[in-house]
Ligand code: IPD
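Given next, in structure tokens, is a single chain: the form predicted on its own.
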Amino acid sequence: MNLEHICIEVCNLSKEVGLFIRTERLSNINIQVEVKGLHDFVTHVDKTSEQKIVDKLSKILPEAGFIAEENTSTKKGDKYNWIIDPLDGTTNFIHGLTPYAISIALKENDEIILGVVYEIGLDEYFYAWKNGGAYLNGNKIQVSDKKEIKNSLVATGFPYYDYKRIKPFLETLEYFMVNSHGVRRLGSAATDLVYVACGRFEAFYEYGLSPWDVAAGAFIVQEAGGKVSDFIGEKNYIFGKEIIACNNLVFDDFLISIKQIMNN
């Protein structure tokens, strides 16, 4: 299997579907919104985009199954499965804000081997394949070289349905507001992760996320030289609904801070 070739095909697919999403945003003043759950929204653009992605990926790798946010396909592959978010940042999209992104990862058994995140607002496609490094619009990227949290810019996301851990989460905001360059909340976890990969952020953390939010971006961070874990330093960040992603120099200290606050 030529992972580099497949990765480029997925980048081209993402840009094609991204053009559809951008066009829909510009041509529809009032986007029709359905409510899936508390603060959890979906539009016809999400569903149509996912169908376009599934149809094309089915041709690129016919034997692969899908783990897709809108359940456009429930096919499960024996070895390969695509993990898809057709529009990460739907709330931003609804309100005419950026960023919002397409996120696509390929899982071989239990390992991610390819990831693509296309941030539509800035027309930036981030991508990586196993042992191939990470790239932004054709240029190789790597995580930043900041060594301390005090010199780091931190990204996070606010929980939108699971508020059981809201008190310790708010404590983390206070801690990083005081002890870093600042905290940003963009509204797209996939974008936050690739911004860590290219050095715009030093660290990102969030809980309550789904596999399609993080699979591609977390993989790209790792191929860019960063580290990723759950809140206790283990590897259950794709399906475990919590994630830390940092450059390799601040990771240990950042993990200690999250452990002390979030796991009390």
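Computed from a predicted structure; not experimentally measured. Sequential numbering from 1, following the sequence displayed.
This next part talks about the form predicted in complex with this ligand, which is not shown.
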So which stretch, 179-187, 131-139, 162-170, 145-153, is the one near this ligand in the predicted complex (non-hydrogen atoms, 4.5 Å)? 179-187
Is residue 105 close enough to this ligand in the predicted complex to count, meaning some heavy atom within 4.5 Å? no
Counting only non-hydrogen atoms and a 4.5 angstroms cut-off, does residue 90 reach this ligand in the predicted complex? yes
Spell out, yes or no, whether the shortest heavy atom distance between residue 223 and this ligand in the predicted complex is within 4.5 Å. no
If you check in the predicted complex, is residue 57 within 4.5 Å of this ligand, heavy atoms only? no
In the predicted complex, the residue from 45, 53, 209, 228 that sits within 4.5 Å of this ligand by heavy atoms: 209
Though the partner is not shown here, which residues of 53-74 have a heavy atom within 4.5 Å of this ligand in the predicted complex? 69
